[in-house]
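Read the single chain below, which is given as structure tokens and is the form predicted on its own.
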Amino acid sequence: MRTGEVDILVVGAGLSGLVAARELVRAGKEVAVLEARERVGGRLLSVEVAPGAFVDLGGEWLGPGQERLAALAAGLGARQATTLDNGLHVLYWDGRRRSYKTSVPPLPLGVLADLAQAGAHLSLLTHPVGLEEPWQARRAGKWDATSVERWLRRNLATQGGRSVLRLGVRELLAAEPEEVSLLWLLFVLRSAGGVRTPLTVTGGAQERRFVGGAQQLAARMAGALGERVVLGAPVVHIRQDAGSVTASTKNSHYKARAVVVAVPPPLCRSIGFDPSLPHERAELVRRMAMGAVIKVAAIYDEPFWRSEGFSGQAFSDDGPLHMSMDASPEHGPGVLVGLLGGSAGRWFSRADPVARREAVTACLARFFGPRAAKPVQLLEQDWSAEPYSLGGYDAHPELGALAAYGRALRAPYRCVHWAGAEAAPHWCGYMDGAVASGERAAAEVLDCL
């Protein structure tokens, strides 16, 4: 039985937990980071597909406005590359394939007009939603009781417009529109800088990637922390006594003055708390669900679509793969990545692997021709099958939960403090939000101590 005593414990060696630990060590505190997996990075996972060439099967992109993530990467010596946005994009809609160069796909004019008015409407609705306390908006209760699907049906005039926004919600939140409240969508959009930013490449959240993969950020921080990071140590119980806290795994006990829990809220259900969590926090944890997503990466000998004038970006109403992007390393093979999110992620998680591969490659072939149907390798990461993730990219509250219990999202419970991408007011659910949340939790603990 391993035991230890430190100043502060951190549960979770994802981006947020490692940032918190790094800040606390810099402040002169003794820290232990307990990570359930046998690796660091959490929802970051980079795979080497050729010597020195990496593909991200988890968090990948960053863009303007994500200063905290950019500063962290620069300090760690991680280089960035621009996501390919030049060339012809593909729209596969109503069984017809079209290519285009502009930022606006060649959808029917009625659908484009419908989307324009819906985007303007959503943008107006985001203004009264505060980032620090979105549940305090004047209409928060009504918006939180309204599903995005219900709003779409009431506010869009065309079936095509509703279909496009449904696909956007699945790509953004890895959930179905009926599962997400309007208030949560408005908060996430405002948190990310606006309606267009989350799904935009140039000038948006997909503008850049990390050369060598995003997981290197976690690996480099963990390397600097050294033996403070303990792998294979899932925390199963946290007990608070007068002025101290003890975190237990199956094989160890660690005592500290405070603990930062830096895992997605739904994962807190696997931790026993003594005393029990306050009612609002317990209800929030119970009523938050992880998105369902499988990230796929098709590996080719070369990015052949580039020589044919294509960007690798595709958008389709025919799934299961509704979008694709070029994620090719600077030097090495060609890579197309895409996401199976929401109901598609859940359904294909249970599907036969051969059938899943055939369905994905059929989509790629519709986008970029027969050659796309024959990747050298097809990588898949089913985040819902990860016991220490339960899904991705982040967690969303059930309808009504944010307005009722949102104030417990970041509120400390005695010696327990909360971090993670979901607890970030700015860039909630993104890597930048995870970094900011880790910094905030570290400062919070230091003030408390």
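All figures in this text were calculated on a predicted structure; none of them were measured in a lab. Residue indices: 1-based, along the sequence shown.
Only in words, not in the display: the form predicted in complex with a small molecule, which the text now covers.
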Segment that reaches the small molecule in the model of the complex - one of 126 to 134, 228 to 236, 154 to 162, 275 to 283, heavy atoms within 4.5 Å:
228 to 236
Looking in the model of the complex, is the small molecule within 4.5 angstroms of a heavy atom from every one of 92, 310 and 314?
no
Partner contact for residue 36 in the model of the complex: the small molecule, 4.5 angstroms, heavy atom
yes
With heavy atoms only and a cut-off of 4.5 Å, decide whether residue 339 touches the small molecule in the model of the complex.
yes
Partner proximity in the model of the complex: residue 32 to the small molecule, non-hydrogen atom cutoff 4.5 Å
no
Would residue 271 show up as a contact with the small molecule in the model of the complex if we use heavy atoms at 4.5 Å?
yes
Here the chain is shown alone; which of 418, 54, 405, 383 has a heavy atom within 4.5 Å of the small molecule in the model of the complex?
383
The small molecule in the model of the complex has a heavy atom of only one listed residue within 4.5 Å, and of 409, 424, 401, 44 that residue is 44
